[in-house]
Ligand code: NDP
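Just the one chain here, laid out as structure tokens, in the form predicted alone.
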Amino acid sequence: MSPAKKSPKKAPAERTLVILGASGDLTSRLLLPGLATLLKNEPERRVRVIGAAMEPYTAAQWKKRVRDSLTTAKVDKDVTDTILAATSYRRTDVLDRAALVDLLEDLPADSVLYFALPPQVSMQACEILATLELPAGLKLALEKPFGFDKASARTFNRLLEKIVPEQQTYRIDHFLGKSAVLNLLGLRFGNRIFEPIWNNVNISHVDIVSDETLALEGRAGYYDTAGALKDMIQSHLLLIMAMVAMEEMADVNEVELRDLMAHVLRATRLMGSPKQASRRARYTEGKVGRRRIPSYVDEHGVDKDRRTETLAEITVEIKNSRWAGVPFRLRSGKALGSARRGIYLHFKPVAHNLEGLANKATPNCLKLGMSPETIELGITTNGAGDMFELEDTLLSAEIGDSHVRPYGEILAGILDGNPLLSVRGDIAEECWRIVEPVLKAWAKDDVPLQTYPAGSDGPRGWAT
């Protein structure tokens, strides 16, 4: 009997990605390059990109903008040509009901509306969408910050429920697409040596740091109304902390992962009062490498009366049996002397130091670097010269970068209808709840706004 013929593999359905606010920096710097890396890695995908914004771009001007943005993705010409062949531009005012009706009426089922817009504009546009008839299976992708406090996040969540089911709402946090963050799952749960010691019996404190040498870089329009706490800690770093601290999943799916992250965040509180558990500072004139950086208040577009911080730090604790008493310090800053992005787990000292040795063992530290992607474990060994003297030894490895950029990973989930790497509504609200006491204390100036020269490690006395 001759073997049965295999059925030809069915090509995946084309998906339509509509980017609202397509003229902005996010689209050209992150979204389109991320999509290009995804299509390079998965050439069988077919994605039609529609840009929508207020600017009067011609078709040629839009395609030039798309082509220019794809140069940073370093993809082959055929990927660029594929995207360009399937892209178009629609001049659209997202706050005009008739314009939104016109934009939506021809969209196929399972299209994606990506809001590359400020949160206030996204909320206003969604109020209009709630009154319209929408294409079947429409997905909404929303950039952070999701709201501007807990109350607004809750209001926004209730509004979105009127438009599409929660499973079709994708709150974007691109840190969840970073390979170093996703590698937490394999590192912790795939290695017997880590899981038994991942608790308050062995770990003294945890630092999650995102320090950068870049200054404002022309982002005053957004950053000066947000600051380091809202921009980085409220969203990115609290979500990373939840993945570091969560319990083991029974299965890697969006329900398990997001339930366990929510459990951690619900148990999280400031470690003391806002005055005890938070610090803030702003950079003054200085030099980062060879670059002369002006004082933050002298940057173009900055309102110095807002007292926006460029360096923020909070310390929280997770009130459960695994983590009770362990400080989690979350820190992020701009215009610092060195870039540090990583998760640092500091272990407690050994219970007993051997008698007769010249010195004591240094407590172990496990560092998971996010940029570049690395794993480093500090251990103690006998010295190479004097065998009765202990010395520090570093075990290190580089993690291979994903072929797909974080925004590509995020877009893959949205296009496939898999919300695993998106932020669920209740999680967004919990992140705001955690930082809300700090925001209120800072608004009343209960916590001083310190200063540090650009290019330094921060204010004097701050531990790095």
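One-based numbering along the sequence shown. The shown structure was predicted, so the numbers you read here are calculated from the model rather than taken from an experiment.
Just so you know, the form predicted in complex with the named molecule exists too; it's not on screen, but the next bit is about it.
The chain is drawn here without the named molecule; in the predicted bound form, the stretch among 392-400, 408-416, 22-30, 35-43 whose residues come within 4.5 Å of it by any heavy atom is 22-30. Of the heavy atoms in P145, some are within 4.5 Å of the named molecule in the predicted bound form. Remark: N364 does not count among the residues lining the named molecule in the predicted bound form, judged by a heavy atom distance of 4.5 Å or less. When contacts are judged by a 4.5 Å heavy atom cut-off, L70 does not count as touching the named molecule in the predicted bound form. With a 4.5 Å cutoff on heavy atoms, T92 counts as touching the named molecule in the predicted bound form.
A single residue from the set L176, A116, A245, L336 has any heavy atom within 4.5 angstroms of the named molecule in the predicted bound form; that residue is A116. The single contact residue among Y344, F189, F347, Y222, judged by any heavy atom lying within 4.5 Å of the named molecule in the predicted bound form, is Y222. Residues of 257-278 placing a heavy atom within 4.5 Å of the named molecule in the predicted bound form: none.
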